[in-house]
Every structure is written in structure tokens, then in C-alpha cells.
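The chain below stands alone and is given in C-alpha cells; this is the form predicted alone.
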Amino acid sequence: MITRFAPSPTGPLHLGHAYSALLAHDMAMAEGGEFLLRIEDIDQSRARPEWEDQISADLGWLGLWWPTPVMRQSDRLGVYQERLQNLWKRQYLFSCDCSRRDVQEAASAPQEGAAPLVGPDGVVYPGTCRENRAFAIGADVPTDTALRLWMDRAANMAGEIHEDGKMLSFVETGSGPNDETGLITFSAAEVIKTIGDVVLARRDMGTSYHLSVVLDDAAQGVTHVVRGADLFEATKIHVILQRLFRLPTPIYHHHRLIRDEDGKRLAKRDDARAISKYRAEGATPNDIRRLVGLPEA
């Protein structure tokens, strides 16, 4: 078993991060496997070296160990561009210049004031730029625009590649937001309707979370992806990309989210629950384990 913890160095780790990292580490150690740390720093406008240093310090204090050097997404931009080029030439992408506001307004317009459909990647894209599919033979993928996955074509092709015909699937050993567990199946039609044409490369990054995480997990041989239940629906996007790239699909373990007293999910701005603050106040790693509901080491 190979698990991983993949934080972004854009702020302090909090109790929610501690729970996810400890759970992934414990699962791997229980099976005699390996736990990996990966730094997801594709957002260079927000990533800071000092936060990366703090991540290592906090995780080390919690008693976690991982092999070095760690993988950094900022070192893999060439890999992401190569895969985008592959998808572009295979006619799975289109360029898009819509802003978030453009998408919101276009998605809302046909509904006469009704709230637009929201999927794991935000408001489901209404298809404004979908005709931007000018695939000249040998043309390079454009780099001055966002690139979206043409989900209609991608999901249907992924379904044909899948051994079960049109149904796509992944194995869930944790649970989704509605207690989904076991073999999770879904259809191309479902994804087209409820997720839509997701962004695979932002103009200012040259990649996206969805593209990077799929390629990075495969490159590191991750067998079990441990992450929060808020990413359960995004797994459907990742399964489709895995099929298109002929990559293995890991086993997924989505876990509960650590929330504050008001039931809100913790965010990096919740400095009061930062691991470093607990350390400074004299807490022990086992104190953190108890706080997040994990057995003591």
C-alpha cells in the first residue's frame, strides 16, 4: 500500500490536515506500506517556502516519516504540458476565455433566476466556448487561455475504454458525503450533466488540480488515495482522466471532515486550530490524535 498527503504551501496546517495525514500514514504503516509527502504548489502566486518548511516541521512533530526528496508540482509543469498536448491532439480539449462571472451569468440565464447547477468544480459550465475546437493537424496546445475538458466526448470515450462498458467506477473504502461506499459506479451521461466541462489548465498556471493530481498519483505509484469527503464527487473526473491516459485507478478512502463548533469545515485561515499553535501551547502528538478522533500512537 502506498498512500500520500499532498498539501499546498499556502498557509498553516490545521487539525483537518493533521487528521488526513495521520490517517494516510497509519493506513500505510498498518499494511507495511509507504507514506509519501507531495507538495502541491502549482499556485505560485500563493505558495511560500516558509509554509513548506512549516508543513515538514508540523508533520515531523506529529511523528510522520516520508522518503525524500519530495515531489513538487512546480517541477512537473513540462509533464502536465505534454499530457495537455496529448489531449488537445486527440480532440478532448477546447480553449475558454470565460471568467467566473461569465460562467455564473451564462449558467443562470436559462433558468430565469434559479440557482445554476453546481458540481465538484463549481458552477456547471454552460458550454459558451465549446465550439473553440479548432484542431489543426500538428498544432500545439494553446498556452494563453484556459483549457476545458470536452466532457461529452471524454466521458463517453472513457466509458468505452472501461471494462464494464458505459459504466465507470472506483472502489471506495471510506465513505462519500451521503455514506457512499464499496464499488461506486456512474455513467457518462451523469458526469456530462452534473459536472460538465471542467478546467484542466488555468491560464495563469498551465495546469489544474484535476490534471496534476491524476498524473502525480500515477507517477508515484499511489495505490490508496486518502482525502476528505468534499472531494468525493471530483473522483469521477479523475477516473475519466485515468481512463483517457490508460492509468490505473487507485482505491479511494474519503474521510469525514474536521469541523469547528458551528459545523463549518476548517480552512487555512483558522489559525486558532493550526498545528503550530497547539505545539507552541505544549500539546503532544497524541493530544492531536485525540482531538481528531484517532487512536494514540
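Numbering starts at 1 and follows the sequence shown. If you're wondering where the values come from, they're calculated on a predicted model, not measured in any experiment.
One more form of this protein exists, namely the form predicted in complex with glutamic acid; it is left out here, but the text below deals with it.
Closest heavy atom of residue 80 to glutamic acid in the predicted bound form, within 4.5 Å or not? So residue 80 does not count as contacting glutamic acid.
4.5 Å heavy atom contact, residue 231 to glutamic acid in the predicted bound form: Looking in the predicted bound form, residue contacts with glutamic acid include residue 231, since a heavy atom lies within 4.5 Å.
Taking heavy atoms and a 4.5 Å cut-off, does residue 148 contact glutamic acid in the predicted bound form? Because no heavy atom of residue 148 falls inside 4.5 Å of glutamic acid in the predicted bound form, the answer is no.
Quick check on residue 40: any heavy atom within 4.5 Å of glutamic acid in the predicted bound form? Answer yes; at least one heavy atom of residue 40 falls within 4.5 Å of glutamic acid in the predicted bound form.
Stretch from 223-231, 186-194, 85-93, 120-128 whose residues place a heavy atom within 4.5 Å of glutamic acid in the predicted bound form: Result of the contact check: 223-231.
Going through 1-25 from first to last, which residues have a non-hydrogen atom within 4.5 Å of glutamic acid in the predicted bound form? If the 4.5 Å heavy-atom criterion is applied to glutamic acid in the predicted bound form, 1-25 yields 4, 6, 7, 8.
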